[in-house]
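Presented below, as structure tokens, is a lone chain in the form predicted alone.
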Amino acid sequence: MAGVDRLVVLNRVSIIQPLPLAYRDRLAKIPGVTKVTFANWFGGVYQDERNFFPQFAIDREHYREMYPEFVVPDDQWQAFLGDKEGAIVGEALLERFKWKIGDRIPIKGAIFPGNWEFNIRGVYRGRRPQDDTTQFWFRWDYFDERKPFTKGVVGWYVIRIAKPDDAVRLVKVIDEQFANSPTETKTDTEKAFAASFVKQMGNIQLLIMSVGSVVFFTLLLVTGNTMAIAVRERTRELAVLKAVGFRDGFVLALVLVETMAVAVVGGGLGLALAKLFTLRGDPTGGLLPFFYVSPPSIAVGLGLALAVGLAAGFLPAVSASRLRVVDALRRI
């Protein structure tokens, strides 16, 4: 979901610490920076604390241009600009609460006290399946005017750079420019920022990889044991095949193909269930809205299923290919 040509500038102390609005012009003058916008986390409650969704006070001048993957019809955007209490919502969020354009939405401030009300003036959709359409945007100027403290500051800046290859250099340049100032900065690529945001809830990647590794190893043992039993139970059939002239290589390939077929069918069913699970939308109530199984991921899953079948069936297949007809018939 991250843009390769975007950087995120935060307060060096913490993401919850603001940055001065005056930094916007200084950032825009840095060579290699083509556009600057900003946003602020709101953190309000709609009806019930369980109804979590991200709410951002956004820069109405440049935010839309910074995120071309989020599509808002021109007439709706103009209506948003013309209403100080206007809001733009993602299509998934609109569907979740059965809202419609023109509805007035009350949100109780948690970080910023008070009862806030917004008019839905537009709906954005994502160009890509993995784009987050669960966000709620409203105007930063209205937010700054109403909030009771820390006026003239923003939560973070988003920067578009001319060349993605210059990202590392510009990260250093930006942070050096504000070094030793009252409000120092920490700049990251948007991908690193998104990853760090998710890690606040724990090392999800480590958890998933650990569970996945255990499951993978278990599948390998179960599949190998299943094929070993299958070969042992079909000793007569394998002996007859070899007796009528089939070579060792054919028996080896036969067992391997059977094992890989079982693995692919099982893996395919598992991938289909995973895809169906993601089609239901976000199961976390807005905490992790990016649930999308891409075609490349499905291809990798099928490849791993084939690898499991090959590894699990190798020893039983070798044992079957080396089977001596006389010994096999004697054991029966």
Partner chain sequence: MVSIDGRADSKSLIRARGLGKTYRRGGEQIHVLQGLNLDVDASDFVAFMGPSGSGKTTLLNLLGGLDVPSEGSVTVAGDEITRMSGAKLTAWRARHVGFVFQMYNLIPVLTAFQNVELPLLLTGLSKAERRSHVETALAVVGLDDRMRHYPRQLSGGQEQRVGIARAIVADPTFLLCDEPTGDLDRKSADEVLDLLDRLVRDHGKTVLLVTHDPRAAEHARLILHLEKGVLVESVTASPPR
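Positions refer to the first chain, counted from 1. None of the values given here were measured: they were computed from a predicted structure.
Not pictured, yet referred to below: the form predicted in complex with its partner chain.
- Just one listed stretch, out of 255-263, 229-237, 209-217, 88-96, contacts its partner chain in the predicted bound form at the 4.5 Å heavy atom level, and that stretch is 229-237.
- Among Ala243, Ala179, Leu221, Ala110, the residue placing a heavy atom within 4.5 Å of its partner chain in the predicted bound form is Ala243.
- This chain appears without its partner; in the predicted bound form, the one residue of Arg104, Arg128, Lys151, Arg247 with a heavy atom within 4.5 Å of its partner chain is Arg247.
- Using a 4.5 Å cutoff between non-hydrogen atoms, Arg322 does not count as a contact of its partner chain in the predicted bound form.
- Remark: Val326 counts among the residues lining its partner chain in the predicted bound form, judged by a heavy atom distance of 4.5 Å or less.
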